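Coming up is one lone chain in structure tokens, specifically the form predicted alone.
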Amino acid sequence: MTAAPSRAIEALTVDGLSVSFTVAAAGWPRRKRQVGTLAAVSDVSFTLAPGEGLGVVGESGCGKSTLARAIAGLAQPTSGVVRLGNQTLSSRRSRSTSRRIQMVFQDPASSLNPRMTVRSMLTEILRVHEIVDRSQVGQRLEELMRMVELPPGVLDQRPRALSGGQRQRVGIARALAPLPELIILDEAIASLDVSVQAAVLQLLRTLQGELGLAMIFISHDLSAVRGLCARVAVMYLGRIVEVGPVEEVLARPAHPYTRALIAAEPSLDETRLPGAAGLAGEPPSAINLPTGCAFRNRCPVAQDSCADSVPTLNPDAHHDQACFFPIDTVVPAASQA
């Protein structure tokens, strides 16, 4: 192996993170007339220990990707802070701080430069961040290929010559190249075949164990979250509504929304009719949220008092949940399959 410098891995702290976007009127003339403010992420707080895996789940549009981009420094937070150890990371990050958190995106075909070979892409990262001496670049590139279980010949290929699974492994190698402390995977297996998904998940588990990497794994696949992550956070309309150890949250969900997500998970053991998950209707507009609990109009246990205030995360007997009327029953075994 090359003499890549060691790095001290520190805990991630996200404190009160919010991201909002101004929505302008459409049509002609093109005047920036403000229609409203879209709250993509609202007051999100959590910690992530070194080497820990956190799954983030929720419906499309709930703010998972925006949260990931804000943590990685690719989106401007409206408020709140992101810290690694004792260092607060601003949205405009220096070269030395930007390398500490890296992302792997959903579509490797669009996230990799089609004009560059894999060797050129990775070499540029190693040189910009000064990871190894110039004389050791070639050796380090081959080491990165071994880490993601690709043959060295891939280095001289362009992305279009690779399969989807190979491209995603290159995306993982690119994220590993600057020696990050945290990797954020945003639906990183969603575009892959099922057999390839399993291989990539096994690779991520191996890397997590060998390198001590912390990971934030964003996915709609609860089974993948179970296999990779120690904890899971459930998001709804920009807020975390439940968070805790993955086995406890998915076996004993306290929030009705989490229960509905689990009930909607595909199962080979039973036939489910449309609407059997108990989650009716569409989420309200993020520009015009209802008062109180944003989930109350779809919630089977909502009361009139749910409109009075926004529930915050509170610990119960098992984990943290944000519901005025939490459920304390075990999910049936068939729903956990």
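Nothing here was measured: the structure is a model prediction, and the numbers come from that model. A residue's number is simply how far along the shown sequence it sits, counting from 1.
Heads up, the form predicted together with a small molecule isn't pictured, but that's what we're talking about next.
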| property | result |
| --- | --- |
| Interface residue in the predicted complex among Gly61, Pro290, Pro50, Gly36, criterion: non-hydrogen atom within 4.5 angstroms of the small molecule | Gly61 |
| In the predicted complex, the residue from Val44, Ala70, Ala40, Leu54 that sits within 4.5 Å of the small molecule by heavy atoms | Ala40 |
| 4.5 Å heavy atom contact with the small molecule in the predicted complex for all of Phe105, Ile183 and Ser219 | no |
| Non-hydrogen atom contact Ala286 with the small molecule in the predicted complex at 4.5 angstroms | yes |
| Phe21 within 4.5 Å of the small molecule in the predicted complex, heavy atoms | yes |
